[in-house]
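Have a look below at one chain only, the form predicted alone, in structure tokens format.
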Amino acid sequence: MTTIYCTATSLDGFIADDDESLSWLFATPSHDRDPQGRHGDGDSLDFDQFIAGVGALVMGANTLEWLRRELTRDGAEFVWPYPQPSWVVTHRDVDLPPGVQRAEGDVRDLHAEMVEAAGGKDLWIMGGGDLAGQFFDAGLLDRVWVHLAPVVLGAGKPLLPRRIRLHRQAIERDGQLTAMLFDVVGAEARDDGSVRAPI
């Protein structure tokens, strides 16, 4: 069981622009398949394989609202797209889809619930960056999997607003996206050698 923060990011490290839009991502060609049906350079970083191994997922309220906007853009009713047990972490009063649970407070308690619900499968932190940072602070973030888009936004929501040292495990091309999988090593030291200890 692995806790993975999987998301897309711009070249300058933003997961949404300053209008909280992902139009730049959807304008980026991806999911090219070779004659064997594989994405890009290979299939070890294939999203379909990833989601099949996910047993529970979590997101913040902003990610939920983005998802709601995207899935109802054509006037369709909002239907929750994930069969896995799902949580939204928020302090706000939000309209949750049926079956999605609300959480707040210490993510360690939530992580324990997710592990139990996942039945040995992986946990997916869908977004946003600060939520992934909270899991890191608690020592519960194992991997970061980013899909780097060749676009520079200049401002927006940061990928992961923490100082973290990662170790690259794999890198592949997926159309114009570059998929990169990292293991989390730990907090990155500052110039004076100090490291802010996780909570």
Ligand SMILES: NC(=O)c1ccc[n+]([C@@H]2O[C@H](COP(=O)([O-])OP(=O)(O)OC[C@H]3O[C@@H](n4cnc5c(N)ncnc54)[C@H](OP(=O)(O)O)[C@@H]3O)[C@@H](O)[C@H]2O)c1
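Residue numbers run from 1 along the displayed sequence. Bear in mind that the values here come from a model prediction, so they are computed numbers and not experimental data.
What comes next is about the form predicted together with the named molecule, which is not displayed.
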- Item | All of 13, 28 and 148 within 4.5 Å of the named molecule in the predicted complex, heavy atom check | no
If we test each of 81, 99, 119, 105 for a heavy atom within 4.5 Å of the named molecule in the predicted complex, the one that passes is 105
Does any part of residue 126 reach within 4.5 Å of the named molecule in the predicted complex? Heavy atoms only, please.
yes
Review point. Quick one: does residue 22 come within 4.5 Å of the named molecule in the predicted complex, counting heavy atoms only?
Key: yes
Taking the shortest heavy atom distance, is residue 3 within 4.5 Å of the named molecule in the predicted complex? no
Using the partner position in the predicted complex, report whether residue 66 sits within 4.5 Å of the named molecule, counting heavy atoms only.
yes
Looking in the predicted complex, the residues of 46-67 with a heavy atom no more than 4.5 Å from the named molecule, listed in order, are 60, 61, 62, 63, 66
